[in-house]
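Next up is one chain by itself, shown in C-alpha cells, the form predicted on its own.
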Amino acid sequence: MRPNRLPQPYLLYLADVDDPRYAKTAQGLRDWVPEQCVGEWAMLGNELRLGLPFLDPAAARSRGAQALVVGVAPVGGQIQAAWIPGLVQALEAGLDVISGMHSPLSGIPELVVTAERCARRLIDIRIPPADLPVASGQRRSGRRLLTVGTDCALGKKYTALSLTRAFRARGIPVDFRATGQTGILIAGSGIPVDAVKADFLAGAAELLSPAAAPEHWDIIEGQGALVHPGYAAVSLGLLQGSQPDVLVLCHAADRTHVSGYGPEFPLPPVAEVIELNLAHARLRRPEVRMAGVSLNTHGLSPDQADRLMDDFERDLGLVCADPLRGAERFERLVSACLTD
C-alpha cells in the first residue's frame, strides 16, 4: 500500500456539479468518515449541499482541514477549467489538493506552479505505486474477505465498509482495504486497482492485503464483476491476488442487465455468478466459501425488501441482507462471514 497516509481532515469540493449522482465521492466521505470532513464548498451558483458546514478554504484551514478533496466525478472524469481557480484558492489557503479524477492534477501547469510556490502537495490517488510486483501466488497468513458483484456500482464498497464496522464492533481485529478512489479517501490509503497494469493486478492485491496475525481480517473492497463485459479483468485480478477465505456477493434488487450496456447484456442468474466466483477463487484458496448475499434494496419498502430477501435465502441457501437496512438480517450475515 501507499507508505504515506493521506492528509486528513478534508474540505469537500463540489465545484459546479449540482447533480448528486456525480458527487458520490463527497457523499461517501460524509457517510463513512464524517469526523474527517470539516466542511463542504461549492462554486458560486451551485446549490448542491450535503449537510456539512459550508466553508471556503481559508475558513476550513482555520478549523483544522489539511486538504481539499475533489468530491465529484462527472462523466469522463476530467478536471474542468472552471474548477481551477477554486483549487488555486485552496492551495493558497494552505491546503493540499487531492483528486481521484482520471486527469491528473500534476498535468495542470497553473496548479503545479501554485503548489510549488505555496509548498503544498498535489495528490493524485488514481496513480498506482510505481513498484508493484507480479503476483507470487503464495499463501499468506491472516484471514481475508472480498466483496464481489453481479455488476458495477451496486454496493461492494458500502458492504465492505459495513462489514468492517460490524467486525470491529464485535472486537475482531480488522482492516478495510480500499481499491477505488472513494474507498482510498475513506481509509486514507489503498491502491486504485482500476489504474494498475493488467500484469500487476494480482500483485497489487497481494500487496494490499499482506501477511497478518492468524486472527486478523482484511476486508477488501471489490471492483467490477466477473461477468461484466468491460471490467471483468480487474475483478479477476483482485480475486486471484486477494486469495479470500470468504466471499460476499453483492447484487442490486432492480438490476436485470449490465448497467449502461443495454438489453442485449442481461445479467446471469445470481446462483451462476456465485459459482463462477467460487470456481476462480478455489484456484488459489480451495476452501473458500460464499458467506451470503448483500442485496441493495434501495427504492423498496421494508416489506418488499424483506420478501425479496426471503426469496433469495430460500433459493440460494445463503444469508441475504441489505447492510444499509442493518437489523437482525445483517447481523446474521456478519455471523456467517465469521463462521468456519
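So that there is no doubt, residue numbering starts at 1 and follows the sequence shown. Quantities reported herein were computed from a predicted structural model and do not represent experimental measurements.
Here the subject shifts to the form predicted in complex with a further copy of the same chain, a form of this protein not shown in this document.
Q: Choose from 281-289, 304-312, 55-63, 24-32 the stretch whose residues reach within 4.5 Å of a further copy of the same chain in the predicted bound form, heavy atoms counted.
A: Among the candidates, contact is made by 281-289.
Q: Might Asp175 be said to contact a further copy of the same chain in the predicted bound form, defining contact as any heavy atom within 4.5 Å?
A: Looking in the predicted bound form, residue contacts with a further copy of the same chain do not include Asp175, since no heavy atom lies within 4.5 Å.
Q: In the predicted bound form, is there a heavy atom of a further copy of the same chain that lies within 4.5 Å of any heavy atom of Ala232, even though the partner is absent here?
A: The answer is yes: Ala232 has a heavy atom within 4.5 Å of a further copy of the same chain.
Q: Please check if Gln240 has a heavy atom lying within 4.5 Å of any heavy atom of a further copy of the same chain in the predicted bound form.
A: Looking in the predicted bound form, residue contacts with a further copy of the same chain include Gln240, since a heavy atom lies within 4.5 Å.
Q: Does any heavy atom of Ser136 come within 4.5 Å of a heavy atom of a further copy of the same chain in the predicted bound form?
A: Yes, Ser136 is a contact residue.
Q: Candidate spot Ala202, Tyr261 and Glu264, all three in 4.5 Å heavy atom range of a further copy of the same chain in the predicted bound form?
A: Every residue of the spot touches a further copy of the same chain in the predicted bound form.
Q: Given that a further copy of the same chain is left out here, which of Val246, Ala160, Val193, Leu154 has a heavy atom within 4.5 Å of it in the predicted bound form?
A: The option sitting close enough to the partner is Val193.
Q: Which residue among Leu132, Leu226, Cys118, Ile84 has a heavy atom within 4.5 angstroms of a further copy of the same chain in the predicted bound form?
A: Answer to the contact question: Leu226.
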